[in-house]
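Given as structure tokens, the chain that follows is alone and in the form predicted on its own.
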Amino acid sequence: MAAPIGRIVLPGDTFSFEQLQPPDEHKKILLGPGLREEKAEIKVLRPGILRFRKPAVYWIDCHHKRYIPAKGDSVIGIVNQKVGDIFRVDIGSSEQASLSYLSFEGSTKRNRPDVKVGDIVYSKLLVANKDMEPEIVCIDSYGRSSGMGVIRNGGFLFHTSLNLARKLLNPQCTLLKCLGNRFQFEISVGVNGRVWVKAGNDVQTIALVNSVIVSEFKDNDQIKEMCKRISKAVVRMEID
């Protein structure tokens, strides 16, 4: 019997690896948030919908308020403290994450990054274990920043639900496509529900923030209509 992909599962449900085995048996199964391997079985840890992505990635899609760190997640954090060579970063989880000064592109003992308390950093989780504090880095496996690092030069940081953040990270996100056809802006989205936006002026930035917040429970047609109205309203305000 195959695993109930696309259906609701509850904590305590278990699956065998044979149920989740991908068509190509040589590919390794990757378990995402909400699933854990226990005694040669896969156990469900949180209620939600079982999702699948090729080639062999499985996870539980659910609505929850607090962010639970998972290895490989891209998150937006705020630097709260510097302790020796380590920065303490708030990523919205139960524990603060640690960020080494060597976890930046081109950083050495002599050439240290310019990071201050209060800075916003876009980073990736390197260590996410229930028995250890989270560890984040601002470089990829090749030592390059790849868009990560300290976010400066203005902009606006705000919080959304974790479900909305995942929608924004979808490459086929209708909202960002519609807004991108009408405004020039920069946006960084963290899986932890934090979003940073910067547009050409304050009016456009506020309009973009409001568009993102109210779009969570709208369908694609409603989002397209909303973007048209907001675009016209911004034009009138800039003329006035």
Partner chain sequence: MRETPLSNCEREFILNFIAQQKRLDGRNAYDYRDLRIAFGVSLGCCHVELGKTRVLAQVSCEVGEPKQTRPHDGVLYVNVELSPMACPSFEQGRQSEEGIELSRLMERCLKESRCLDMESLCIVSGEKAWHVRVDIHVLNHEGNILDCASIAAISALAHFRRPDVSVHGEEITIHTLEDRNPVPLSLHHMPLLVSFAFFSQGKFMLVDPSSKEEKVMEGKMVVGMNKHRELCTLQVTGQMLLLKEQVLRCSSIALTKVTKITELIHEALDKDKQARLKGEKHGFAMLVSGDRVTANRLPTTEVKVDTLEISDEMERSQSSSEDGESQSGNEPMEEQIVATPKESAVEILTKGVGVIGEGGTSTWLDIPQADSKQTAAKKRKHKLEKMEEDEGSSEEEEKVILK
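Residue numbers count along the first chain shown, from 1. Predicted, not measured: the structure shown is a model, and the values here were computed from it.
There is also a form predicted in complex with its partner chain; it is not shown, and the following applies to it.
Peer 1: To verify the annotation, which of these, L169, V127, V117, L102, has a non-hydrogen atom within 4.5 Å of its partner chain in the model of the complex?
Peer 2: Looking at the other structure, the residue within range turns out to be V117.
Peer 1: Check each of Y58, W196, Y67, F185 and return the one that places a heavy atom within 4.5 angstroms of its partner chain in the model of the complex.
Peer 2: By the 4.5 Å criterion, the partner-contacting residue is W196.
Peer 1: Although its partner chain is absent from this view, report whether V9 comes within 4.5 Å of it in the model of the complex, heavy atoms only.
Peer 2: So V9 does not count as contacting its partner chain.
Peer 1: I'd like to know whether I5 contacts its partner chain in the model of the complex, with contact meaning heavy atoms within 4.5 angstroms.
Peer 2: Residue-level check for I5: no, no contact with its partner chain.
Peer 1: Can you check whether T205 is within 4.5 Å of its partner chain in the model of the complex, heavy atom basis?
Peer 2: Heavy-atom contact with its partner chain at 4.5 Å: present for T205.
Peer 1: With a cut-off of 4.5 Å between heavy atoms, is V214 one of the residues that contacts its partner chain in the model of the complex?
Peer 2: Contact with its partner chain, yes.
Peer 1: Are all three residues K28, L30 and L45 in contact with its partner chain in the model of the complex, where contact means a non-hydrogen atom within 4.5 Å?
Peer 2: The answer is no: none of the three residues contacts the partner (heavy atom, 4.5 Å cut-off).
Peer 1: Counting only heavy atoms and a 4.5 Å cutoff, which of 67 to 75, 151 to 159, 135 to 143, 104 to 112 contacts its partner chain in the model of the complex?
Peer 2: Going by heavy atoms within 4.5 Å, the stretch is 151 to 159.
Peer 1: Using a 4.5 Å cut-off on any heavy atom, which residues of 75 to 103 would contact its partner chain in the model of the complex?
Peer 2: Sequence-ordered list: I78, N80, D90, Q96.
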